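A lone chain, given as structure tokens: the form predicted on its own.
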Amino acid sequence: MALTVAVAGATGYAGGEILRLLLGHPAYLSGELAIGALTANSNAGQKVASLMPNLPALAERAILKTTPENLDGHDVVFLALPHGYSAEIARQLPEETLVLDCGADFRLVDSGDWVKYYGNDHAGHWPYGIPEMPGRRELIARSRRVAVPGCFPTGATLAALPALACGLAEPDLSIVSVTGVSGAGKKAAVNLLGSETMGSLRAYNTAGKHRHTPEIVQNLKQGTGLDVRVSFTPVLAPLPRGILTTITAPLREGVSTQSAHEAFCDYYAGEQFVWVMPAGGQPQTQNVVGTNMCHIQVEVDEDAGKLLVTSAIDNLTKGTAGAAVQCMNIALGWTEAAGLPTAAVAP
């Protein structure tokens, strides 16, 4: 009997990306995995064909209302919902159901951080889904609940971890992430209209106000055991997908570009979704679109005494849906890379 998968919030960008990946998953193609309920709220009752014509294999499927009853009975449930909606639904699903929450509800350990940045009651904490972090694969493999990471924390965490864990830089990071507009979701908003974003760049939620700031700090503290300070600035750019992150930090004595590059290569040796680029290359968002990859480069700015790390991810794939499918594969004991592209479309 096929394993059944439901997607809540299926008509959003993250939900649609999960479906795109599932449709190419070897288990789906072999009949071992079946796509069950597709749910949403405002789009309930409509057909996939009218909402997501990029998914013709599901064109005649109707979107159901997002309720625990419609999600119950599935082996796997992806929750691609805004923060604050997942917790109550998750509580009503059976313990044996594998639930992967792409929202923020269960990412933060510290309830004080949650209240400060999100303003409502803390729902708790689930095992966190960046498999490339130390010890995460083992935790995910024995879990039935997984908190899928935020897109900004994914690119920043993967870029910063080797720098701190290998003693290349001081744990005082300045992080700037340039992101495409799909990171804000499909909701209608004046500041996300084409006429407002095309030909313009804008920083937002600056000076430590962005909700992903405590998530980045949490990851780096857990991954290195260091007391980490982070200044995070997100910048909105006129592109659909992608996040380019640059990190600068005070350089430790004796570190060169060559030694830093070797340390990064050693740290990610064997990681199929992290590519430390050859010296001289630079990550570009166009080279990761639609993939579960994170491209990274590291350099030393000798005159400034700073380490510079740059990373590129697709915010909807490695930053959300790809991470969710990667965690599903691990939790189910499947090949981790199953259904996850590593080659982008070019040009």
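Keep in mind that what you see is a predicted model, and the values were worked out from it rather than measured. A residue's number is simply how far along the shown sequence it sits, counting from 1.
The following text describes the form predicted in complex with another copy of the chain, which does not appear among the structures shown.
J.: Can you pick the one in Y118, W275, Y267, Y85 that has a heavy atom within 4.5 Å of another copy of the chain in the model of the complex?
T.: Of Y118, W275, Y267, Y85, the residue with a heavy atom within 4.5 Å of another copy of the chain in the model of the complex is W275.
J.: Are all three residues Q46, P68 and E138 in contact with another copy of the chain in the model of the complex, where contact means a non-hydrogen atom within 4.5 Å?
T.: So, no: the whole triplet misses another copy of the chain.
J.: Is there a non-hydrogen atom of A59 within 4.5 angstroms of a non-hydrogen atom of another copy of the chain in the model of the complex?
T.: Within the cut-off, so yes.
J.: I'd like to know if T157 sits close to another copy of the chain in the model of the complex, meaning any non-hydrogen atom pair within 4.5 angstroms.
T.: Residue-level check for T157: no, no contact with another copy of the chain.
J.: Is the gap between G254 and another copy of the chain in the model of the complex 4.5 Å or less for some heavy atom pair?
T.: So G254 does not count as contacting another copy of the chain.
J.: Contact with another copy of the chain in the model of the complex for M1, defined as at least one heavy atom pair within 4.5 Å: yes or no?
T.: Contact check for M1: no, nothing within 4.5 Å of another copy of the chain in the model of the complex.
J.: Looking at 130 to 138, 148 to 156, 91 to 99, 233 to 241, which lies within 4.5 angstroms of another copy of the chain in the model of the complex, counting heavy atoms?
T.: So the stretch in question is 233 to 241.
J.: In sequence order, which positions of 309 to 347 have a non-hydrogen atom within 4.5 Å of another copy of the chain in the model of the complex?
T.: In sequence order, T310, L316, T342, A343, A344, V345, A346, P347 come within 4.5 Å of the partner.
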